[in-house]
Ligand code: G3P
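In structure tokens, one chain follows: the form predicted alone.
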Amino acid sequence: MSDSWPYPRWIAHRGAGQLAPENTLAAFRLGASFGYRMFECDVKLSADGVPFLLHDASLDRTSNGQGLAAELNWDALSRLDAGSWHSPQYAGEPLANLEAVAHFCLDKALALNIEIKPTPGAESLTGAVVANVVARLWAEAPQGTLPLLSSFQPDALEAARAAQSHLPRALLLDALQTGWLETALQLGCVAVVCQHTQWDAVSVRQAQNAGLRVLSYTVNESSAVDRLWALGTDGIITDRVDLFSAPS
């Protein structure tokens, strides 16, 4: 396994976990105020092909919009309120597109883990578009500061590799099902990101012996953190930017 892993050990989930409206610039700003230097976010495509931040396929939970986000152009999406659902102080906070997030991260020298979160049926298209946009936006960035592209969808990762093979990729998993390691290696991944309770000494050793880094989500309790560091894992994604503040 290479010793040149460029990313911080701590990663703020969807910007600032649950303390601000997820996947918004407000969440990124808040996470950064707690000392976080790397952020995870979810990216999908608008109807006119603009990569933007949203976890769900539907707009209903985290905005005042309704229905499938993929059916609206970015102009319409950009007018939605993505903050009031969280708390009154964030009323009017807009959805963020990937370009705005890139400028924020590049300006402040922050690292990014982009989860490619396709609308069902758009896996390959989303992977390719996200990879191409990332390559353009980070064109002047040093190799070690490129975003880490992750996805639960192998087709999205394969399309990202075909479009921009130099961008680092990670396979996302909710369980270490049969063939997980082989799939990650076939996709040319540099890391595996899994639900944190799934990792044990054997699986961590398997991944690292194969040259892969081991990351975990979503880790919000100190006891789980202690267990993962004892196992020798490489990164933790957390909502609790307030509990695990200003990490190294």
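What you see is a predicted model; the values in this text were computed from it and never measured. The first residue of the shown sequence is 1; numbering continues from there.
From this point on, the text means the form predicted in complex with the ligand, which you will not see here.
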Only one of 132-140, 114-122, 158-166, 91-99 gets a heavy atom within 4.5 Å of the ligand in the predicted bound form; which is it? 114-122
Of the options Leu25, Leu228, Ile237, Ala16, which one has a non-hydrogen atom that comes within 4.5 Å of the ligand in the predicted bound form? Ile237
Though the ligand is not shown, can you say which of Phe52, Tyr217, Trp199, Tyr36 has a heavy atom within 4.5 Å of it in the predicted bound form? Tyr217
The ligand contact in the predicted bound form: Phe152, any heavy atom under 4.5 Å: yes
Classify Leu172 as contacting or not contacting the ligand in the predicted bound form by the rule of any non-hydrogen atom within 4.5 angstroms, answering yes or no. yes
Which residues in 34-61 have a heavy atom within 4.5 Å of the ligand in the predicted bound form? Glu40, Asp42, His55
